[in-house]
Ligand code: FHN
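One chain comes next, on its own, written as structure tokens: the form predicted on its own.
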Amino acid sequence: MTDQGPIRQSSGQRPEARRDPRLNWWRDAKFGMFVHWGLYAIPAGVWKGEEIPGIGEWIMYRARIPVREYEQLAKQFNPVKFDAAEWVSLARRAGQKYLVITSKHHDGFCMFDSKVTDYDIVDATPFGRDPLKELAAECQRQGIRLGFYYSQTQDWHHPDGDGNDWDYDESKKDFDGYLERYVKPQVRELLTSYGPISIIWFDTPKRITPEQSQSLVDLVHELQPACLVSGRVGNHLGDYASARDNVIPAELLDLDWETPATINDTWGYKVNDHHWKSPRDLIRKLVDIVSKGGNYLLNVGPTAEGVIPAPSVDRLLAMGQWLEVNGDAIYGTRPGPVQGLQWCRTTVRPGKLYLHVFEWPINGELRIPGIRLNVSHAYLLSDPSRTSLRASTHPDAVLVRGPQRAPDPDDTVVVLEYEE
């Protein structure tokens, strides 16, 4: 695997983690919510009347906004409509099993009460509350695992962080000191002040050395041994691998991996981004990812008031409705034996093969090539009575006779129960 593939080598999984039972919950979860929220939700893609191209949370970088100007946004940040219970409930109703939120993105603003800096939501804004504390309590109450995104290398606010070359001289930066005296103390805060944390989601390793990446992994595991470290800690040292943004590998991968993805074209909120993916597209992306052994971390970008945009809510709830019926074919499954076909995907658990049919044949006859199964019962997963479908095994395929019209235009799941 090279850096030109779907997963960068630097964002990969350490080999011994492939057999690590600490990942078992994550391997079964399949679907999580990503939340990108910060000061960038105030300009929402527009700076001084000019629409800034690119993703919303990168506006400080794209527009080369001086630190002193960008800092002023904190005085305006007052998300009075933020409701932790509502956010976590949305994730639960969407069928998402874990939630990862930005504690500090590349703009350097901390969305938690940090003692290391006053540049945080409690000390620098009129809001004066710690939303991560409230989310931690709600995740515990509603049974959703919590993770924190933390930008360990890029920090456009800190004079020694990576990336800001318009305010600071890159040649004079003390990145080693930044990592030791700023990053690590904040990671310690995140892992000692908010209860059990399931994931630390690092990002954009860039200049970080293998030794520095390893020291962050060691720190996380020392403070919370069960906490997983994302592949973007860098240098192929993650507990699981991270695909490129919005990229789904073309084939099954023999590693634990996750695709972080957007519902529209941005992560942080942008007022003029209305390029929303359809529920069908999102459902099929979830199925595609799970059929290849991955997890789907699907993003929402709340407004500066703390509201998750209605189009995101509508799509997540549609996915939740589909999962309410078809979740058995997703959660706790593993990649199926049939790979590389356009019209279907497969997932499995012991004794059951789930055939996810995207393109239903006109005559209702499904031909599943390349497998030989002793099928004891075939039925539609959406059929509560589990009425038997005709199934027969042939030397080169299994044939299943279903209804002539697709029961589900998004993804009809056919269950093949078989004897091992």
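Since this is a predicted model, take the numbers as computed values, not measurements. In case it trips you up, residue 1 is the first one in the sequence shown, and so on.
In what follows, reference is made to the form predicted in complex with the named molecule, a form of this protein that is not presented.
Here is the short version: of G147, P260, G231, G294, the single residue with a heavy atom within 4.5 Å of the named molecule in the model of the complex is P260. Proximity to the named molecule in the model of the complex, defined as a heavy atom within 4.5 Å, holds among E222, E170, D245, E211 only for D245. For D203, a non-hydrogen atom is located within 4.5 Å of the named molecule in the model of the complex, even though that partner is not displayed. Put simply, K97 is far from the named molecule in the model of the complex: not one heavy atom of it is within 4.5 Å.
A residue is said to contact a partner when one of its heavy atoms sits within 4.5 Å of a partner heavy atom; I55 meets this definition for the named molecule in the model of the complex. Although the partner is absent here, H236 lies well away from the named molecule in the model of the complex, with no heavy atom inside 4.5 Å.
Residues placing heavy atoms within 4.5 Å of the named molecule in the model of the complex fall in a single listed stretch, namely 33-41, out of 380-388, 33-41, 358-366, 63-71.
Counting a residue when any of its non-hydrogen atoms is within 4.5 Å of the named molecule in the model of the complex, the hits in 86-122 run H105, H106.
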